[in-house]
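As a starting point, one isolated chain is supplied in C-alpha cells, in the form predicted on its own.
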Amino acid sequence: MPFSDSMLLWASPGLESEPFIMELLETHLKKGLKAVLCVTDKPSQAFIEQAENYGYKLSKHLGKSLFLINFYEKLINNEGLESLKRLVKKKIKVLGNDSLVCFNNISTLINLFGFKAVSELIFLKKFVNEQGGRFICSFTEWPYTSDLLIKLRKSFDNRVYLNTVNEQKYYSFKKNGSFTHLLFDVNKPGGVTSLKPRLVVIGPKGSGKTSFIKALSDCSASIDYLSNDFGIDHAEFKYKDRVIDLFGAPGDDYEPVIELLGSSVSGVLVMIDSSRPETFSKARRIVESVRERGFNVVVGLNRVKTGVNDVKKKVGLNSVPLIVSEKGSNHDEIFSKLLSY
C-alpha cells in the first residue's frame, strides 16, 4: 500500500476502516517511531481496547511513543475545531520528524462542522507534513454533497478505497497509474488479513480447461473427488505480485465446486472449444448460471477456426467478454477482467 505524506482510508458504509488505522499505527510504532491518535467518535480508551481485541498491542506504547487526543470528550464539552487543532499542532511540534498523526473517523467531524472540518483537516495535514510527519484519516462515505467529497478526495496524496463485492471485502489503491484491488478480511484476533483471490475455470472435457491451468503453474494437480467422474484441477500461481488460487471444475458438474468455494470466488472463466458448436448452448447456460450468482465471468476460446465475432454470435453472449485463450495467449487480459471488482 503506497503511503507518502498523507493517506485517506475511504470506506463504503458498513465496512470497518478502523482496523487499518490500528494496523498502520502498530507498524509505525514497532519501528520505534512516534504517533498521535485523535479519536473522534468514542472515548480514546475504548479505541485502545478495540485494538487489543483485534490483536494490536497499542496500550504498551501509551505515553511513550503513542499519544492520545480525545476529540470525542472535547467535542461533547463543546470545544471547537480551533481548540482541537491547537492540541494537535502543539503535540506534533514536540514529537518532530517521522511522527504519524491518525484520525480514526473524520466523518464525525464532518457531520458536526461540515466544510469547515475539511478545511481544518487540510490545514493540519499541511502542518504535519511541514514538520516532517505523516497524516492518516479514516472516512466513511455517507451521502455528503459532491462538492465536499471532491474537495476531500483531492486533499490527500493517497486514497485507499474499502468496498465489498459478492460479500468479499477488498481495498483498492492507485499504483503506476492503474488501480490495484486486494481482498482482505478482519479477524478477532488477527486484525487485517490479506486473502488470495480464488478463480474457477469451468469447461467440459476437451475444452482446454486442464491445459490452461497447467500452463500457469508447475505445481498444478488434478484430483478425483468422490468418484472418477468428478475431477477438480487446482493450481497456485503468481499474477502481478499476487498469489492466486485457481480451481478447475467439469462442465457437467461444476456446481458443487461453486457451492464449496461460495462467496470466496472472485471470478469464473468458462472455456469453450470453438471448433465444437454443439457445446455452445451448454456453455451459454453455464455462463448465465454463474452470472446470476453475481460473479465476474469471462469466456475463454480455444481452437478458434473462424473470427472471434463469428463465435460470439453463435454463442450468443454479447455482454460477456470472449477472449482467445489457446496456447497461453491473452492471460493478462483474462485475469485483469476476472479480478476487476
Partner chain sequence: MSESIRIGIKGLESVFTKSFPVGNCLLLISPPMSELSIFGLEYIYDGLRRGEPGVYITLDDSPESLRLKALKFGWPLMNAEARGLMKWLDVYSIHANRDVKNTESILRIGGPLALTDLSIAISQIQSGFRRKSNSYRFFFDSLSTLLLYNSPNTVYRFLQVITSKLKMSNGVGFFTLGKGMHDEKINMTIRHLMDGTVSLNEDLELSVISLPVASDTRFGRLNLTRKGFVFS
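Numbering follows the first chain given and starts at 1. None of the values given here were measured: they were computed from a predicted structure.
Absent from the display: the form predicted in complex with its partner chain. The rest refers to it.
Site annotation in the predicted bound form: the residue of 42, 291, 314, 282 reaching within 4.5 Å of its partner chain with a heavy atom is 42. For its partner chain in the predicted bound form, the listed stretch (234-242, 109-117, 128-136, 264-272) containing residues with heavy atoms inside 4.5 Å is 109-117.
Looking at residue 142, you'd find a heavy atom of it within 4.5 angstroms of its partner chain in the predicted bound form. At least one heavy atom of residue 105 is located within 4.5 Å of its partner chain in the predicted bound form. Within 4.5 Å of any heavy atom of its partner chain in the predicted bound form lies no heavy atom of residue 147. In the predicted bound form, its partner chain lies within 4.5 Å of some heavy atom of residue 49.
Applying a 4.5 Å heavy atom cutoff to its partner chain in the predicted bound form picks out 72, 75, 76 from 65-102, in order along the sequence.
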